[in-house]
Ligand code: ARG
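Before any questions on binding or motion, here is one chain by itself as structure tokens, the form predicted alone.
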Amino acid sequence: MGEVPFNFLSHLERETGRIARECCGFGVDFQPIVRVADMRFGDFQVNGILPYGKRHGADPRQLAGQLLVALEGESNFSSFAEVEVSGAGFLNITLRVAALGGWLAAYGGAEDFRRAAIAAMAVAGRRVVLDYSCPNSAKQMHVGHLRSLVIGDCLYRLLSFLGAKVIRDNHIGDWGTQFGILLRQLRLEGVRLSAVPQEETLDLLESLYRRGNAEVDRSPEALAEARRELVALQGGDPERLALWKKINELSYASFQKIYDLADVQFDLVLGESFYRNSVARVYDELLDCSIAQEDDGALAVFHGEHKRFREQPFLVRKSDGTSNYAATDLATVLYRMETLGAEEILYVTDGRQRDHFEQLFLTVKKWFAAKNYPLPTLRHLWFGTVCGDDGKAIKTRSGEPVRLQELFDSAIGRAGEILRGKNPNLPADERTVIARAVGVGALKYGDLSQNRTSDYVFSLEKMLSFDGNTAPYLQYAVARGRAVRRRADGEALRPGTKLEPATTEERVLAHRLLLFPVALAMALEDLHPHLLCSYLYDLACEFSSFYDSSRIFGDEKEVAERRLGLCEITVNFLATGLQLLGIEPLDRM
């Protein structure tokens, strides 16, 4: 049969296209589209013959018949698949049992699978800077920060798993307008941070900022004072710099508690302030290249070729000489290219920043072209809003954003209550550990299972359910499978064990297992984690059906070993998938 393809779907697209052109005289415009089939009709279906026939005035069903004969004549193809014509010009492909067994034997091990995935996905060695989380100093993280945190971490895990060299950069907002407002308010109210208990500092700073922001909005004088504070800070005033540093230390300590809880790490934490001495070069080069225009001290870039940005300037320096996040973002791209060697830069932020990143990317492309700098691939991976039942951004009853720390605490506490009800004999210390994994996993999966670019309604009750498309359901499937392994007394699967499915339930499960590479490829294409979530949920459902209908122990040894092998591979894939999502697989629940 030869080497078994790792990704059958992409292999079938490539081979049916080649054979159609070389053996049947199909033109270069024939591009077969292979889809996963309803299993009543086969494993895969080849589309594309019908539109090709219509374009060329040929009978699609006759063309499909010609292609079928050619495919059957290719021994490398016919050895692993049976083909039949269906409908007005489709081909249904059913994999032979030996091909399914061969695939499971070749790629069922975790390391075997990963090696094949790295070879197949073509991102190995690519140097990627991943920009995510990025909260603002002097504020506590809230539910609006959840998506960037978990999506960014998942993408890091996915790209790293496939061999990319990913640098995780937490680009903190620590140098902007909020500090001018905050420094003014601290001075006006005579607050000394050294006299405030550390656990109360961020609450106080947020209150000060709210009061100061309200004054700035209604008073031109207050706005002017806040701007002068920012000018003094960015100008290097020692007193203000010392206060700014203290605020940032307190802020990041608060952020780190959440990162530890969510098992999220960063390679770099370089906030906007890190680039404060680099913006002058940005200004000079944009002016030298005639990309930016100066007016009364302000510096802006206009993209006249763009319908919307023709009249919407990209402001990179304010008239008072202070920098903004457009300037530091430009300096950041330059640093990531020159110092980090980035081939690709991914920004994970909410959709409201789409205009900013579109203008940023346009500016970078013109600037780098003018200076002959190597241009990294720039991608804005934007996401929708976490909503309450009213369809608006979720808030507390008092109208404030829900704090992320409180959200995690609530999920973990509720998970503990559910576990106590389901398994009252679970030791308290073990229940605490499992509740944390279940609660944190539920929040992560509840977010990642949604289409990244869609809004979704937050429901902790649904996220923590042990039924349906949730993390607890998947974690339970892994725990159930690992219990089977424990019952088998820890015996490793014997080399050479035949894994060819012999029953309908076994074949359905095997079919789902070999779609894991397809799911990874789809998730990687546009970096949409929900596609991986959908696959894992389908796999868990198929495993549950297999487990309930197929007796693993008690039958003859060959049957038991085959079913135990299917069980082990399923657990490997589910655990691997959960780890890619940043969710802890569990041994018991």
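Position 1 is the first residue in the sequence shown; the rest follow in order. Treat the numbers as computed from the prediction; the structure is a model and nothing was measured.
Below, we refer to the form predicted in complex with arginine, which is not included among the displayed structures.
The listed set 216, 104, 434, 134 contains one residue whose heavy atoms approach arginine in the predicted complex to within 4.5 Å, identified as 134.
Between the options 445, 175, 347, 156, the residue in contact with arginine in the predicted complex by a heavy atom within 4.5 angstroms is 347. Comparing 468-476, 512-520, 312-320, 165-173 against arginine in the predicted complex, the single stretch with non-hydrogen atoms within 4.5 angstroms of it is 165-173. Among residues of the shown chain, residue 357 is one whose heavy atoms approach arginine to within 4.5 Å in the predicted complex.
Although the partner is absent from this view, residue 453 stays clear of arginine in the predicted complex, with no non-hydrogen atom inside 4.5 angstroms. In the predicted complex, no heavy atom of residue 506 sits within 4.5 Å of arginine. Not displayed here, arginine is kept clear of residue 225 by more than 4.5 Å at the level of heavy atoms in the predicted complex. In sequence order, 325, 329 are the residues of 315-331 having a heavy atom within 4.5 Å of arginine in the predicted complex; the partner itself is omitted from this view.
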